[in-house]
Each structure stands twice: as structure tokens, then as C-alpha cells.
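Presented below, as C-alpha cells, is a lone chain in the form predicted on its own.
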Amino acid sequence: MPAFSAHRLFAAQALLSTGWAEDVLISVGGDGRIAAVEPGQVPAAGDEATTGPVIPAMSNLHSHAFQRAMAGLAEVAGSGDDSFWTWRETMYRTVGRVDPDDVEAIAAKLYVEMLKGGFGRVVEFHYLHHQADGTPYADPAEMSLRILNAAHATGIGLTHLPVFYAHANFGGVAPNPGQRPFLHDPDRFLALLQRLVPASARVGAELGYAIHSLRAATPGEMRTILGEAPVSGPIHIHVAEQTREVEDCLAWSGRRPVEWLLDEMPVDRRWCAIHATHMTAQETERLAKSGAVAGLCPATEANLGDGIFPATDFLAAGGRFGIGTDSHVATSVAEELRLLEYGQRLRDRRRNRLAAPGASVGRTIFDAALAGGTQAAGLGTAGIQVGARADLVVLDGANPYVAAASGNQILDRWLFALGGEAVRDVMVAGQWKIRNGRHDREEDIDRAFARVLSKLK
């Protein structure tokens, strides 16, 4: 990876790892990491003054990039029993119509939108591997390479998770035709991971892997992959997203999905349990104490009618969570965190559910999601502190809501009154990727994306 030019940023207000500070000088080294953080300074000649408060960029811990192109296409009512399972048929139709060029174009557009929404990194849970009939491309890593290309072109940080997917349901049920583009056996999947080790390194991406779900892999396949994977990055899995999944798991094993996963697999800090929506009190406490991150995608979970994650109980047990945008019906930090809190309010019919008495809700959930997202992305250091990647968001100081706020009120205004439009500038690894709300490749990326949408309509 090329070295970046070193520079110094001056912020009147910045949210550091130690809390809010004023008149902060942030020095960024040539490696794209923060070299110094100095509050109480006066800007010198050559220092770049930001135009608003500076906060850390968030890691988006769960993405299926290609699904951004189908957002809005599954909103026609069916029989009255519409659910994840009926939505999935629309997803399969989309999968059958996109090629590698399309996937790269969709991902590039999505990643620009994520940057504008305050995300500095995406964890791509990537299971679209093959052609529509299941035939591998000449390079079996073709689709993953297109994701790497899109991330590199847009500048967003990437943690890439190729996904193992082999079956349609618990117990090794044969896959259905719509799932053919996703499928591997363990040997081919391990070869894919090996192929992606150098490719990911070339563009500075982190590499882990995912098992799609307990439905999609047998216990033996999971153990083979866990034992032989040539990477040491994060491990993600969908689990307990829908009630039918819980019922099917009980019928297969006599145990619920999270219960089975914690009993049978070495779940620890490397793991991220995506959704984990339907848990008993005991499962909630066990997952919290495992060290794994709960990967929450409130906008998608609401869109699909999945249910509401037991966040109040999970946090009370010491659990860690991060946020993702999953199917990308929303693409901003603010919308996901707002919906997370609002879901708890709607369920409990009470306000301010995820913060301790006297604490800012915005600050509480932002800090928690930042730490959990960083862990789930396989990164060691979060926030604005020496040694961390210079992944920064500048909120719009010209916005009267932001201009009139200070400290934690800035986050509460952003998350609960404004949303994505308050993000002005975004830096990733020491380089500006969004300036004044725009990406420098936006027009070309939009044109390519529009061609894909025309193809899918």
C-alpha cells in the first residue's frame, strides 16, 4: 500500500477515546494512523482546521453489497403473510441477474453512500460467489475480487468475509436452485480463502470468513473450516434471525440456535453473531459473556419483520454490539442507531432505554457500537487515539443543530434530530474520501450504478 502524506488537523471539538475535548490538534502520520492527539492547542500555519466537530468513523459490521440494488423491490404486498422467507425470493431473482461488473458497480455506489453516512469501514459478508447456474467463474475468487476493487476505488476500509454456504436447512438439506451461486464444499472454500490472502493484502483489506448460518452448514463442515482456515481474522455467522429458524433448529437438534452455537462451537472474541434476535434470557446472558459481538442491523430487521433484539438485557449482562446495514434499506450510522434505540422504546413503551440514568443515549450507543464494530472488523484500536487508524467524520458545523451543541449533545442531535445529512467530511486511513458531502468519483460511480438499476427494473 502506498504511504500517505502526513498532515495535522485542528478541531474546535473532538470526541477522543478519553471523551470530548476542545481545540484538538490531531497529527496523522504517513502510515494513515494517528501519531499524536493534543487538546488545548492553537492552530499553527499549515494546520487544517475542520469545519465542525470531529468524531470517529464507525465500522459497518454487516453488509451484503449486492442487495443495495434491490432495495425497494420487495415492497409489494403478497398474501398477508410476507416475511423474510418471501423477501428471499426477490433476493434470489436479483442474484440470478447480476454479473461481476454489476456487483462491482453496486458495491462502489453503496460504499460511497456508507461513507456519506458516517461509516469508515465495511465488513462485507460475501456469499455471492458463482454464476447464476452455480458454475464458478474462471477465477473462483472473481466476485470477491470485485468487492476488493470497489472498496479500493471508493477508499472505504474493508474487512472481507467470504461465506461458506452449502445447504438449504438444518441437517444438510440439499440446496434449492436459487442458492446455486452461493455454494461451496469445504475444500473449495478453503482454497478460496487461500487465494484471497494475497489479494486482500494488496489493497490493505482485512480478511476473515463467515459461515452463513447453522442452516447452511453441517457441524462437520463447520469444524473442518474452523480447523483449517488459513486466516486468523474475524468469524461471523447469521443466527436466530427468524422464529422459523428457531423452530427448525429445535426440531433438528432439540436446542435453540444460539444455545447450539455456544454449546458446540468455540465462540469467543473473534466471533460476531449476526442478528441473534430471538434468544431466551439464558442465551442472552451466555452470548454476552462469551466475548462475541452481537451484529445488529435494525433497519433491515425492521424491514424484514424479524423482531427486536433484547438489547437492554444484553447490555445489562455486559454484552457487546455493533451495527451493520445488511440489505441496505438504510446506509447511515444515525439511522441504524436511532432505530436500535427506538425499537427498545416501542417494545417497552418507555423512553431512553439503552443509557444509564443521567447519561446521554446518543453517546452511550455510539461508544458501544464503535467498540463492537471495531472488534467485529478485526481491528485492534478504536477511536481518536494514538496508533488508531485516522478514520474520522467531520459533522457539519454550519448546521444550526450542530453549531448550537457541544459535547454529548452533538451526538444526541445528530442521531435523533438530523441523520446522514449532518456528515460533511470523512477521512479514511488519513485521506479525505468525502469532502463537503461529495466523493471525487461520484459521477462515474452513479452512472455505472444507474445502468445496473435499469437492468434490474
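Everything numeric in this text was worked out from a predicted model, so none of it was measured. Throughout, we count residues from 1 along the sequence that is shown.
Although not depicted, the form predicted in complex with a small molecule is the subject of the following passage.
* Hey, in the predicted complex, does residue 336 get a heavy atom within 4.5 angstroms of the small molecule? -> Contact check for residue 336: no, nothing within 4.5 Å of the small molecule in the predicted complex.
* Taking 4.5 angstroms as the cut-off for heavy atoms, does residue 326 touch the small molecule in the predicted complex? -> Yes, residue 326 sits close enough to the small molecule in the predicted complex that at least one of its heavy atoms falls within 4.5 Å.
* Does the small molecule come within 4.5 Å of any heavy atom of residue 129 in the predicted complex? -> Because no heavy atom of residue 129 falls inside 4.5 Å of the small molecule in the predicted complex, the answer is no.
* Asked: Are any of the heavy atoms in residue 67 no more than 4.5 Å from a heavy atom of the small molecule in the predicted complex?
  -> Although the small molecule is absent here, residue 67 would touch it in the predicted complex, with heavy atoms inside 4.5 Å.
* **Heavy atom within 4.5 Å of the small molecule in the predicted complex - the one residue of 304, 262, 377, 106 that qualifies** => Partner contact (heavy atom, 4.5 Å) among the options: 304.
* Ok, 353, 195, 347, 215: which has a heavy atom sitting within 4.5 Å of the small molecule in the predicted complex? -> So the residue touching the small molecule in the predicted complex, by this definition, is 215.
* Contact stretch among 83 to 91, 252 to 260, 195 to 203, 224 to 232 - heavy atom within 4.5 Å of the small molecule in the predicted complex -> That would be stretch 83 to 91.
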